[in-house]
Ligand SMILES: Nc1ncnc2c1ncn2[C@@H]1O[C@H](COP(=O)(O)OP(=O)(O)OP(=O)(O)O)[C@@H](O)[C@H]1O
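Shown here is one chain on its own, the form predicted alone, set out as structure tokens.
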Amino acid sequence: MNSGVVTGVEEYIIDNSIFRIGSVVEVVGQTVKVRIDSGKNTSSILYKGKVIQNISVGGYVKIKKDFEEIIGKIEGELIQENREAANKKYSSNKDRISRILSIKVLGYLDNGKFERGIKELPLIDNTCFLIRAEEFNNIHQFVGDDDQPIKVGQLEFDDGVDIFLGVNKLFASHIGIFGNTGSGKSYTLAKIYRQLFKEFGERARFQEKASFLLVDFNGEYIDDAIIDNASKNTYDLTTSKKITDIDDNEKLPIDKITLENTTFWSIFLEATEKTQQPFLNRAIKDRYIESEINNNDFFQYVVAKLIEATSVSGRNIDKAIPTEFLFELANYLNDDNVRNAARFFISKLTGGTELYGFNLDGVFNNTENIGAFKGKVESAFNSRTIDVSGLSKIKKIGLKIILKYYDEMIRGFSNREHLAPLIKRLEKRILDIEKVLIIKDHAVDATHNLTVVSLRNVNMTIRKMLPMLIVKEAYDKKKQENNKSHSLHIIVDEAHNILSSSSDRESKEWKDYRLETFEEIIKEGRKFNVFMTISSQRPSDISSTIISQLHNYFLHRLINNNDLLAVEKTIAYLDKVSADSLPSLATGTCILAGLMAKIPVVVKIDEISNKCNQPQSHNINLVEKWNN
């Protein structure tokens, strides 16, 4: 026998004398029950000078079935009376009690390599063994031969066992990070992307072939979080300032094509499907009104509309439309000249039936009357001009929508009751959108491939609408490009703000459209190399369709029963032991589960060494603040 070489006979003896723990007594589906041999109830085993942990709930075992080696996880244990020992005359009380393990089958060893899934199930009397150190490490090896590893932490209950994750398996997938406030979920999100950028950030191909869009509701990832601020595009948007105090470089660039898309305005204005969306489509595509806005003599277009409004016959035309049109225009343009003209115009109405001596129900049927009336209308303005040349492109589209509305009202083509609420929403929201968006040829600065959009200083309307708009724009462009060598990674922190399936603060049509859009990305995104990472403290608020379509999960402490049920129902990779431990996980510790992890494991996430790169989500130290 050669020194240092273990033969098959020796291995058999070692297995059966040291690592054997018992035999199978019951198999029900994936659940296997094993009776422990007497004398194997110690908490640890001394082998070759090393202490090996013995059987325990949450530990792993190996069951041999002929040449197959089946790997299982201990989910529980109980004691049973051993009837055979009880019937023996001289058996001790100790021998009359059997210790039974409940084991869930996880996978098998194939040429020493762990594979998840069921190839075969054990049979009664198959022998059960503790797993060796090399087998333990193999089970916790989450990096393929053709993948590149990044280190994220260590096993919580096995000091010194580092956990490496494969870049392909992790980032070419949809990721869910869930946990209560203060459990460390923001830190985990920052850590995995910090490790990715540390490994690949300086590579030109990485900069060219991957784009990252991070929607940050609470401003936790601005400044130097994840990577230095100089190495990413950061937009700290605000609606709390006056528009004159907001610089153009503080606004998020958006493509002109997106702004001229009916869907954009339908989302932004919460347009109803049957009436308001078709109107918006007509307004956006109306090239005649657009040309009149860009015409140097826009004033004459307004005058022509006023004449048309007061010369149309028929009782269905509201006689207040001319003055409403002028006041609407004055408020939108903030033009006192138009506002004064509106006041003068309304002062000339006599009993609501005549204007400047002309019967409003009558039709101007001769050139002389029309000319005289036009002169009187023009005289209502102090100066014959309405300046729209200084309007932004965003505000010009809003103006086009207003003009189209009154054009259809004047001609009797649309119902005021259906469209008036849309115009009211436009008045307020167009100012908000001007504060946060600016039209550019390229939607996002291509200098860096990580873009962070902070929504901490925007109002509730923009907070609700904007993430939907920018994510949809990025996804639609990626679909059109269909560039298989380029990937888009959409990261949404505090995702319950926009992925909630139970929100009552919005119309049913808007909620359905919002959820359908994100569900499409989750279901179809992989075909176009689009991957989502969502982080939330309330998984129960998020659509179950979205959660169930995620591939990899980092589960931090969850206490609310609804959240626990949502996680257990939708995550098929989670075993009972892992699910039961969720409420008691320490801060910074999470359960890693999914396609990437061959088995669910409890991982303590490593610290981000440079505090500047940590997310701004730390709990405040009140004692320190109050003592200083």
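This is a predicted model, so every value here is computed, not measured. Start at 1 and count along the sequence shown; that's the residue number.
Form predicted in complex with the ligand: not shown, discussed below.
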Looking at 23 to 31, 66 to 74, 580 to 588, 558 to 566, which stretch has residues with any non-hydrogen atom within 4.5 Å of the ligand in the predicted complex? 580 to 588
In the predicted complex, residue 184 touching the ligand (heavy atom, 4.5 Å): yes
Should residue 310 be classed as touching the ligand in the predicted complex when contacts are defined as heavy atoms within 4.5 Å? no
Is there a heavy atom of residue 407 no more than 4.5 Å from a heavy atom of the ligand in the predicted complex? no
Give a yes/no on whether residue 195 approaches the ligand to within 4.5 Å in the predicted complex, heavy atoms considered. no
Which pick from 127, 180, 392, 229 sits with a heavy atom within 4.5 Å of the ligand in the predicted complex? 180
